[in-house]
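Read the single chain below, which is given as structure tokens and is the form predicted on its own.
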Amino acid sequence: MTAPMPSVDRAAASRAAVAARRARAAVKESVRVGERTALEVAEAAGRDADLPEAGMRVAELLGTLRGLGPTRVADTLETLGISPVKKLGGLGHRQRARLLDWLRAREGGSGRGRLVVLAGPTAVGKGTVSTFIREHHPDVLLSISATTRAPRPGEQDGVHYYFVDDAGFDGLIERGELLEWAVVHNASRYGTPRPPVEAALAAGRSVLLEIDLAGARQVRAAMPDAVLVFLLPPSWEELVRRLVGRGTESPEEQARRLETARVELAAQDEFDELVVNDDVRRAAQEVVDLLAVPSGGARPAGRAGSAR
């Protein structure tokens, strides 16, 4: 038997639903490209429940903001006391007030700089991107690591690294003066001193930290406001080509590093921003753009230091 044609009402409802989704998508895109602010969208949703803005979930709106990945969006919603499925038009008075205050504070800027953490799998090119930034963006301040290894010829304390002995490094850990630290190559210890980073941020200067995945997690725990950036390869095949092409590891070591890279790639959802390193100049510019302080804050400044 021939199926009955849908009623006019059902067809009209379907068309209306499609139009509403497109309207909400257009609103999100306008925030992403900077035509509107998230604050303007949230305020519009509160004024008129019939607008497409009112039908957007709060999580969708927050997801359009740079520096807010899925993890940061979930944390922000929890802080604001708003359900992940709550729509802008369905917020209670107190929830709406908390959201608007949060957006005003974010868009108004606090005068502090921004800490951006660059991490990613082995052989993805973190060092290459950070070196490009150091050479072509002298206004960006790269954090200087502390290390227990001896200085190499030409290296200067406080310029390339902060050189400390084991007792001094232990003291930094005990006093909570390291954002993160690790033992590298089963030998020397490296870490990121917290006081210089805090001083730079308080002065309105933004800081870039190139680090491994474990270090990025430590920084997130120590400074929740840090923006975590995950550098991705264009493809798995390209990552393999880069690692093998370096010719610096044995086949066994290459296999071990590739297995580690698979695990590291699976952690990308923990990060706020994903940047594909298919072109060093473009990838570096994306990272530099994330270092920009929101309106009202100072521009990044200072001499570039050394990444680990």
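Start at 1 and count along the sequence shown; that's the residue number. Small disclaimer: the values here were computed from a predicted structure and weren't measured.
From this point on, the text means the form predicted in complex with guanosine-5'-monophosphate (5GP), which you will not see here.
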{"item": "Residue (of Ile211, Val197, Val129, Leu141) lying close to guanosine-5'-monophosphate (5GP) in the model of the complex, criterion heavy atoms within 4.5 Å", "value": "Ile211"}
{"item": "Proximity to guanosine-5'-monophosphate (5GP) in the model of the complex, single hit among Gly89, Gly215, Gly204, Pro233 (heavy atom within 4.5 Å)", "value": "Gly215"}
{"item": "Triple contact flag Ala26, Glu53 and Gly55 to guanosine-5'-monophosphate (5GP) in the model of the complex, non-hydrogen atom at 4.5 angstroms", "value": "no"}
{"item": "Partner-facing stretch of 94-102, 145-153, 70-78, 222-230, counted where any non-hydrogen atom is within 4.5 angstroms of guanosine-5'-monophosphate (5GP) in the model of the complex", "value": "145-153"}
{"item": "4.5 Å heavy atom contact, Val159 and guanosine-5'-monophosphate (5GP) in the model of the complex", "value": "no"}
{"item": "In the model of the complex, Gly113 touching guanosine-5'-monophosphate (5GP) (heavy atom, 4.5 Å)", "value": "no"}
{"item": "Any non-hydrogen atom of Ala182 within 4.5 angstroms of guanosine-5'-monophosphate (5GP) in the model of the complex", "value": "yes"}
